[in-house]
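Shown next as structure tokens: one chain only, the form predicted on its own.
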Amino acid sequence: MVIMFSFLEGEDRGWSGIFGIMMEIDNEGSRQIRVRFITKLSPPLKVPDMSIAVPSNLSRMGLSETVNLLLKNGDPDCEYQPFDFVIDGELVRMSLEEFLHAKGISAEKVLEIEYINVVAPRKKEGACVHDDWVSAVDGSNPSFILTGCFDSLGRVWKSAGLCTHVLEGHSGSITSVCIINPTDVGNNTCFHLATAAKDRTLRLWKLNAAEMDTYPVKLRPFKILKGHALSVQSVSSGPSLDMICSGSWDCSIKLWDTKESGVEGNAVSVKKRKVDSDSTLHEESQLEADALSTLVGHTQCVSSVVWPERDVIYSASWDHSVKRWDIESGKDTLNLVSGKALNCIDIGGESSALIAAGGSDPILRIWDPRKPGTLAPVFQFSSHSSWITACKWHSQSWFHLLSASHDGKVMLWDLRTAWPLAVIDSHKDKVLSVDWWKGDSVISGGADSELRIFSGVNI
């Protein structure tokens, strides 16, 4: 592709003199469209506010080349970088000609095109190897990652390959994990964690994340939460940081107090544990607690719960439904039906109002309960080839979310296009869990017994 600049006669050959860009490309029959590139990116990534003529058969790659040439013309030292392009709130994934035709946009006026950073992982970190399937991950704290494993152990990872703490106590596979106070500003080295397992219990842990000389440190729970009749599938913390909720195979959702003491119904249980090789037994006390309340309404396994607002819990179930619960009344105030058994749910997007859920088909469904008169999904993404096991919104973006699947892939989505922005295909088996970490990294765990970290996601 050859690019030529034309200047107004007698004017300085700087940006003010450029009135158009003419491109010679293989398809010489392509008509010209006048466009203006705009961006919210900071200088030096801003091109001049001017309209130029470009071939109508340019697609994302050609548009990116054009913007880079404009930037380099203003700054010869500017390094090449790829861009994405948005027209009328939608990412361009075809030629300009095809896009304008599909959207019914006139090619006679100057077309305003916003360019943004390409969102895709740029670096693959080393794997964090476990002894069994990695069933759960939580990356809500920027200083460490919490994982749950089918070997009944929880683990804390400071970075790729560095396990700092091992959580011992469950007698069944861990199914879900949660950092209760991920951004506790009062004490940024002491955190409370929650784990749920197939042994029908939840357990609470105290983590001191301060630097230590010897790793890994073995932790025991300070409280055991009992009350579910079957495997506990999901745990989520409430915004108040002193309560969690759980979903179980027994079809119920339970609410629990996470405080260490002073809670009605707590009973001290004295356990004996072997702590060294000479078989010396030490006594250790743990609290056992019952649930504060129970929400009943699902008819099959409650596979996933999330607690985004103080008085509202969302749940997904194998009974094909998504429910929104009013905690005070204990009643469900919204019931969405997907037609498939659901494995995961998360709340995010615009005003944290969109519901994403996936289950026993390859479709990631997204609902907007603010839209009156319909309970149908507003988006359906179908690039996976097997069950969806996990989904997670980006906390700082209205548009971006992740999905994980039994097809062994993690996909990064943008609501402005039906195609995934990126496909991460690094696991050698089913992917069971996924989350964001530090805002610019994707973490995932799978049946290959590995935690994977991909960084450099520019959102």
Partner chain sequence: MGLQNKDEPQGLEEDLPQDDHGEYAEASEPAEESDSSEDEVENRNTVGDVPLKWYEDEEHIGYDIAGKKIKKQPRKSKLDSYLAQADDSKNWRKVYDEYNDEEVELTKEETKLLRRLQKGSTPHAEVDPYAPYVDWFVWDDKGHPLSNAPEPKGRFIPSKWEHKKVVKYVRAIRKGLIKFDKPIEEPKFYLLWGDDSTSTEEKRHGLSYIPPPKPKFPGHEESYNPSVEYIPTQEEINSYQLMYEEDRPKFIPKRYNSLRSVPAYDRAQKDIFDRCLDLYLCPRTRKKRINIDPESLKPKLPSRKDLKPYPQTCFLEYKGHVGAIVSITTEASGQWIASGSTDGTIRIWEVETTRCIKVFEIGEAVQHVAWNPVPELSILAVAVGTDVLLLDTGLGNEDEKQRIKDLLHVDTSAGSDDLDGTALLVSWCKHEKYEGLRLKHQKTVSEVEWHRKGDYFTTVVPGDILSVLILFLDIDIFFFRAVLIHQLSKKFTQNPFRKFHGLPVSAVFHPTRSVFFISTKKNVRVYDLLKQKVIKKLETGLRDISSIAIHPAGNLIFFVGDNVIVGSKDGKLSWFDMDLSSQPYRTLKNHPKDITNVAFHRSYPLFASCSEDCTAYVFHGMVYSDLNQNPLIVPLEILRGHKSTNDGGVLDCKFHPRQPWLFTAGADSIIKLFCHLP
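The model shown is predicted, which means the values in this text are computed figures rather than measured ones. Positions refer to the first chain, counted from 1.
What comes next is about the form predicted together with the partner chain, which is not displayed.
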> Given that the partner chain is left out here, which of Phe99, Trp249, Phe222, Phe379 has a heavy atom within 4.5 Å of it in the predicted bound form?
Replying inline: Trp249
> the partner chain isn't shown here, but in the predicted bound form which of Ala160, Val119, Leu255, Ile363 has a heavy atom within 4.5 Å of it?
Replying inline: Ile363
> Counting only heavy atoms and a 4.5 Å cutoff, which of 76-84, 136-144, 195-203, 329-337 contacts the partner chain in the predicted bound form?
Replying inline: 195-203
> Is there a heavy atom of Phe150 lying 4.5 Å or less from a heavy atom of the partner chain in the predicted bound form?
Replying inline: yes
>> Whether His320 contacts the partner chain in the predicted bound form should be assessed with a 4.5 Å heavy atom distance threshold; does it?
In response: yes
> So, in the predicted bound form, is Gln300 in contact with the partner chain at a 4.5 angstroms heavy atom limit?
Replying inline: yes
>> I'd like to know whether Ser385 contacts the partner chain in the predicted bound form, with contact meaning heavy atoms within 4.5 angstroms.
In response: yes
> Within 398-433, which residues come within 4.5 Å of the partner chain in the predicted bound form, counting heavy atoms only?
Replying inline: His406, Lys430, Leu432
